[in-house]
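First, one chain by itself in structure tokens, the form predicted on its own.
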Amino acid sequence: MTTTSVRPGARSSADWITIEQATFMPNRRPPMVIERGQGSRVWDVEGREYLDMIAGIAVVSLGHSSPVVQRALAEQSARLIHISNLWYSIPQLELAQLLMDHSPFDKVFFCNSGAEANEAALKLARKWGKRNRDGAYALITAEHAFHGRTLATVTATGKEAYTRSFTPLPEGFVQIPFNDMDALERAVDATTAGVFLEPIQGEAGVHVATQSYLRDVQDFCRDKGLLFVLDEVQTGVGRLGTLWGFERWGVEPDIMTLAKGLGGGVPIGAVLAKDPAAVFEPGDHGSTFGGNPLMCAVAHAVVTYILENDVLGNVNRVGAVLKQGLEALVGTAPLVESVRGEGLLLAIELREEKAPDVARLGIEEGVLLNATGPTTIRMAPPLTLSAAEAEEAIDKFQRAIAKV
């Protein structure tokens, strides 16, 4: 691990964490404070360097302190930072046009996060059901999904650890096993408005929808007159090596949600819908900050850069290097059982419940990893990760698991 000089008089991680303990509602985090980042690397306040293989949970798509993001922030902040949705702004309209030009969708609503995007999509689906399916309002979602932490999205998520303290929960959500078409068909009744899925269940540990499953869900929804909704908060905007994750399955949802990598590090979310599903009318939904000129200018710059600079090709090339290198550990590292995922969204399944230990020891080795469960390590690095950095990550990961 590389250590750089610390500013004279700078506070240590322990100093900052004392402030956190006195002021924050409780949270679980390792005892380190990140001060700056560049590309695929970050440094803590002690000057220790880390290769960031989680990228703000699949957010920092062009790397930390990307010149693309910096330039867009500087130029737009000198013009207009906020105006609200009482008025039009040029960056919002430019981003809307860019997304429509490069997707099968017709309309967009901008918000501030993935949870907000999914919340808006749920409202949109309910209104569509009332209008088109005799008042239907229920959404079929998958077990072990993750759609957010608002009351509706956490109910759609269906994880008891996230919901038990917040009952009663909104009704109208039916959970079924992921990749189980028979269960989905059995779950449909007169109250069903649509099906709401992730192409890859990221927070659950990078569980990938089978090729046939998403196609069968799409065809079933069209046959039965149901909405087909995909949560692409984590898989969208290049993460899987295609601009939209659904392209890898050869399907097209009626509604898609985005956030995370869309802003390259700034908070923005979006709901994209085809015209028949875009049933919001003025006053149905709103957001003070959603579609903020500053955030939209950055998102426009990020998406444009991805489209014009072979970032998708890099994801496929470097993703293959990373996946193959990790798969090579299956036969050589006793703790590693399997590797799964697509593009630069990967998970390593361990044979024992040691994932939190591996993540902690990864910090010691100078790599940031994410334990999504007792046996699962997730990697979702910047889309600009190099092949050399991928090999470095494999080496540091291997050293961490050897310590376990």
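One-based numbering along the sequence shown. What you see is a predicted model; the values in this text were computed from it and never measured.
One more form of this protein, predicted together with a small molecule, exists but is not displayed; see below.
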query: Candidate stretches 207-215, 231-239, 81-89, 161-169, one within 4.5 Å of the small molecule in the predicted complex by heavy atom; finding: 231-239
query: Contact residue in the predicted complex, from 318, 294, 115, 303 (heavy atom within 4.5 Å of the small molecule); finding: 115
query: Non-hydrogen atom contact residue 198 with the small molecule in the predicted complex at 4.5 angstroms; finding: yes
query: In the predicted complex, residue 148 touching the small molecule (heavy atom, 4.5 Å); finding: yes
